[in-house]
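Below you'll find only one chain, the form predicted on its own, shown as structure tokens.
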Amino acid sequence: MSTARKVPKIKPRHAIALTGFDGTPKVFRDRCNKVLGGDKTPEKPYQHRDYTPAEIRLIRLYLLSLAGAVAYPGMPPVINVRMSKGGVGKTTLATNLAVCLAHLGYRCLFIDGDPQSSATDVFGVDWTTQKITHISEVMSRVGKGPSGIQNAIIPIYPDGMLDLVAADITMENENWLLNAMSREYAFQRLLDAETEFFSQYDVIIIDSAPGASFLTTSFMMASKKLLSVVTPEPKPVAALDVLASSIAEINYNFPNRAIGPLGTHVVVNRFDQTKKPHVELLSTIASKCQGMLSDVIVRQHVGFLKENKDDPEHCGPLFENDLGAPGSRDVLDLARELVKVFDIRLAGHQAEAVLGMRIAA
């Protein structure tokens, strides 16, 4: 299946920042061409060029001395982006994080777990005209035959750098989950049944619906930690207590989960330091979320509001279209933090614990 949109091109200055290379553009260019192929002669020196996410992956593996290394099979971490209230920019942040991690060289699977299908729209997939297979349908097949997860994949970037499992409004129908045995473990059963498939990715991102449902509970049960998005406004801040109650209920009723107690990592989104209520509520959030609050605050940025969902070739998150924007820089800082918090590994190698390091030339 062809990709949904054009492959993003990463400018050399951004490629240097994404790979963590600490050297001149010329040395970077020379090293990259050794990895990516190409001849250099006095008559034909290496030219300036742009890079793709797949090429950034190869370059990073080379710079980390992991080129040619074989990744061990294993389930990638799940980043379940979740909040009990809508309107906090959850989907915007989730889609931007997905493309950012792909730009950093990680193979990312994005699961749209919200029947409103906002993330599906951002990635340029129109479920009203394009036949899709959503995650709930795949989950319902486990134990009855092949799950068909492979057929649900819509490639957003080539080479498996960013794949999408789209959503549509029919996900609202949860009758099959209502009657399923141990329905809380439905998504975990899919992960267990298709470990070989999921292990080709470095990270799985789920955009969960804001309301409580059997499906969102199933996603939570398969997560070690949630990524909870909150804006510095009274209702979202109050909704943190609702989410905390849901987490406590899971941990109370399922004390022996194989992956341990469910935790959360809270990130403040759409922060405007010029608004006094935002500054005041930031202190309230910090008090509520001690030990769980991200060091990164994602600021309000007009670029997030201009994401085009109507043109499949030009739609997409801010990070894809403007890597230099202040909002994109916040997303990059958050992605680098999440690599450590969720233990995201490049091709399965723990060398990624040192993502923030500068790689010597």
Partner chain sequence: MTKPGFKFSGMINSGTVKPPENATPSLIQQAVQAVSPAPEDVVVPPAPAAAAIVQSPSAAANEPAPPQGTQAVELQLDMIDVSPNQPRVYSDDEELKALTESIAMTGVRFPISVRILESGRFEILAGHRRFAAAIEASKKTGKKTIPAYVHIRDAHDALLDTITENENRVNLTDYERALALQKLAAAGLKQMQMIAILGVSQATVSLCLNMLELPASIQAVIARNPKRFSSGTAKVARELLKKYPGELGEKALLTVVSDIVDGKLLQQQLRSSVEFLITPPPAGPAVTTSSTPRLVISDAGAAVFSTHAKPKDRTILVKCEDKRLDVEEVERIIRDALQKAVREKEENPKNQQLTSDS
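It should be emphasised that the depicted structure is a prediction, and the values quoted were computed from it without experimental measurement. Positions refer to the first chain, counted from 1.
The discussion below concerns the form predicted together with the partner chain, not included here.
None of S287, S182, N179, T128 but one reaches within 4.5 angstroms of the partner chain in the model of the complex through a heavy atom, and that residue is S287. Residue in contact with the partner chain in the model of the complex (any heavy atom within 4.5 Å), chosen from I149, M171, V142, A244: A244. Remark: of stretches 211-219, 129-137, 262-270, 184-192, the one touching the partner chain in the model of the complex is 262-270 (heavy atom within 4.5 Å).
Within this chain, G324 lines the site of the partner chain in the model of the complex, having a heavy atom no more than 4.5 Å away. L240 belongs to the set of residues with a heavy atom inside 4.5 Å of the partner chain in the model of the complex. The shortest heavy atom separation between T52 and the partner chain in the model of the complex exceeds 4.5 Å.
The partner chain is not drawn, but in the model of the complex it has no heavy atom within 4.5 Å of L58.
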